[in-house]
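Given next, in structure tokens, is a single chain: the form predicted on its own.
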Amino acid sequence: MRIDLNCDMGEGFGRYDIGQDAEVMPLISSANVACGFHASDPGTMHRTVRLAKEYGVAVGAHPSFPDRVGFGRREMSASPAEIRDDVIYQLGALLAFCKAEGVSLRHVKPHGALYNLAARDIEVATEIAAAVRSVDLSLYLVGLCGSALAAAARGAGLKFAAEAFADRGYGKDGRLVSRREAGAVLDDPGVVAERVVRMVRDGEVTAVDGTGISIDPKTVCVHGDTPGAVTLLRAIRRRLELERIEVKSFSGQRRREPPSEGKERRR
């Protein structure tokens, strides 16, 4: 039994850091790198790709609506053509840094409001899938389990990696609870680690109202800006190891094993 662990990375800007990329990277198998529209800049993107290369972590693009002020978490009015072109533009930017570092771009995971919109709106999902296909048919598209994005990926002939969230609350409809509502973000390491095991081993997650939801994730996300993200990931890794569940990228990327706890990252 195996599962991919992913995290949204490179979401700082200039002198400002969001998340703990240096501490998180050794603990994950796939990194979703911000492409400049909701966060990041050329230097941050390049450093993040280089850090992923150091640990053998699969690199993916994390495109969003052009919304730095709202961190890409506000839904914006955009035409289908605008959505497609914005995604292509962002993939192109990250792809250049991957080529500069000699690593492959493996997947695409929309960010924030664009992700949530694509989960329920087949037209938006179709435009994102078309953008990804036009850049590279071998790329995986990552999206919420059971979402419209899964159908769009199939329609475009793309590989799809169904995603679950370790640190986010679910509604009974299987969608993520709004961050404005109670129970939207989970930060208890024990609770989150046990939740991930249930997702992977039992194919189930409990919604905020107690409803059991069937899922079949190929990858599980921990957000880099969730309080205590590093602690959450370490707890998850320990529980997965106890259950003999291997952490491996869905794209087949071979990663380096993380250093033992307490050991500083090589500088």
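Just so we're clear, the structure is a prediction, and the values are computed from it rather than from any experiment. When you see a residue number, it is the position in the sequence shown, counting from 1. Superpose the two forms; the largest set of C-alphas matching within 1.5 Å is the rigid core.
Beyond the structure shown, there is the form predicted together with another copy of the chain, which is absent from this document and is the topic of what follows.
- Although another copy of the chain is omitted here, in the predicted bound form none of 204, 242 and 252 has a heavy atom within 4.5 Å of it.
- Only one listed stretch (195-203, 62-70, 210-218, 231-239) carries heavy atoms within 4.5 Å of another copy of the chain in the predicted bound form, and that stretch is 62-70.
- Within this chain, residue 36 lines the site of another copy of the chain in the predicted bound form, having a heavy atom no more than 4.5 Å away.
- For residue 18, a non-hydrogen atom is located within 4.5 Å of another copy of the chain in the predicted bound form, even though that partner is not displayed.
- Among residues of the shown chain, residue 134 is one whose heavy atoms approach another copy of the chain to within 4.5 Å in the predicted bound form.
- A residue is said to contact a partner when one of its heavy atoms sits within 4.5 Å of a partner heavy atom; residue 29 fails this definition for another copy of the chain in the predicted bound form, lying far away.
- The partner is absent here; in the predicted bound form, the one residue of 187, 173, 85, 123 having a heavy atom within 4.5 Å of another copy of the chain is 85.
- Of the residues in 77-109, those that come within 4.5 Å of another copy of the chain in the predicted bound form through at least one heavy atom are, in sequence order, 77, 78, 82, 84, 85, 86, 88, 89, 92, 93, 95, 96, 97, 99, 100.
- After superposition on the rigid core, the Cα of residue 179 moves by 2 Å or more between the shown form and the other one.
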